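One chain comes next, on its own, written out as structure tokens in the form predicted alone.
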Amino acid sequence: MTALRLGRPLLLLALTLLLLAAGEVLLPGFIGPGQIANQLKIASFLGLFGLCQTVVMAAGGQGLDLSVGAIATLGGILGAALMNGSNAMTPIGAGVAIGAGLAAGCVNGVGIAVLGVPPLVTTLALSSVIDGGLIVGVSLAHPANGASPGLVAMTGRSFHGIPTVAVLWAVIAAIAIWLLSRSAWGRRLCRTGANPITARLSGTDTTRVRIVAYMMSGGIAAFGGFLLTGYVGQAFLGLGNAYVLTSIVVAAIGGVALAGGRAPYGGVACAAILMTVLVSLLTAINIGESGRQVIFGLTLLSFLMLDRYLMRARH
């Protein structure tokens, strides 16, 4: 089991190094310090949204969270409105943004775990509600949308050449890996996803576990949107929409099973870095959007086939 857990991250890191080497051959300077730092920043955000999908997919029930983009936008807009450009208000803005994300995730969790509504329907419906509410709210209230100087500096600053936001992501990733693979709650989460009936018989409150999973997804998505506000300088409608499908892709490539029961966030983090480098390389060599979509699809299909092969080999 240890070899299998380490195999996927090592494979993804090896592919990332190959892409970086290919990029340097095709475009000298592709692996310059500034370029690498920028890719780490972008990968950090994708990795955070990939964590959202990791948690809900591990909980089983064909769980996917299609509301992460809308919740990220909600977190960014609320955070910016409360910050109003003030460094002193930045922690409050962050707290309210995360609180709103937790509340939205709770709505998802109750709809799925208590009312029995399919995850795709629940999260898509909530996404529409949030997006519509934000359109109305922004048009009526015209809230402040600029990030505070402190947040802008934090998301853009580097520590010994490593972006601060990447350091923050590394800390969150370390906590997530421990929580999902070592803690009692992580074991309950994976048991719930693998076999909810057996989990209930063993004393696990599967309803609560799934609600907490969606709350975690909402809180992380909102925090990601808050950080994005600092990275781009302002909050705007549709801020997090680009991360909905890509977060699912990196979770799948990272080894998370849609059927539930596995939460290998180390692989997901490596997948976020791989996909960031791949997008950067394809953009740099002027591959069009259609070509990029074909390559993304082939990449995802290849890893899904690998998972299928490994599943048969284990049985």
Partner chain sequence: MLSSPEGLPAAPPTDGEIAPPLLIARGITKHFGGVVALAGVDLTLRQGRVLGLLGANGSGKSTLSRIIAGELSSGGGEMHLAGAPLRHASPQDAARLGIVIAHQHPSLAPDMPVWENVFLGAELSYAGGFIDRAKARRRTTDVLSELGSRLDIAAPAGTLTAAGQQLVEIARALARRPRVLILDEPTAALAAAEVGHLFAAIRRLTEEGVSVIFISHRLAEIDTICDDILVMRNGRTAGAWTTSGRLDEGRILSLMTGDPDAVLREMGERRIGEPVLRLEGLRAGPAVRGVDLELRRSEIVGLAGLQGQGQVELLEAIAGDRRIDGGTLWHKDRAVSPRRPRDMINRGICLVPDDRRRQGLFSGETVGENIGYVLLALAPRPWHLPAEKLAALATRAIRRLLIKTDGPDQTVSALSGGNQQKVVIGKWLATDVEVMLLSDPTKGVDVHARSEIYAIIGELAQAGTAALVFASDVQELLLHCDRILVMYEGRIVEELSGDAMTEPRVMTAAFGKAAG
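Residue numbers count along the first chain shown, from 1. Fair warning: this is a prediction, and the values are worked out from it, not measured in the lab.
Below, we refer to the form predicted together with its partner chain, which is not included among the displayed structures.
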- Among Arg182, Ala199 and Gly203, does every residue place a heavy atom within 4.5 Å of its partner chain in the predicted complex? yes
- Note on the structure: Testing 90-98, 169-177, 229-237, 182-190 against its partner chain in the predicted complex with a 4.5 Å heavy atom criterion leaves exactly one stretch, namely 182-190
- Partner contact for Ser128 in the predicted complex: its partner chain, 4.5 angstroms, heavy atom: no
- Query: So in the predicted complex, does any heavy atom of Asn195 sit within 4.5 Å of its partner chain?
  - Reply: yes
- Listed by sequence position, which residues of 223-259 have a non-hydrogen atom within 4.5 angstroms of its partner chain in the predicted complex? none
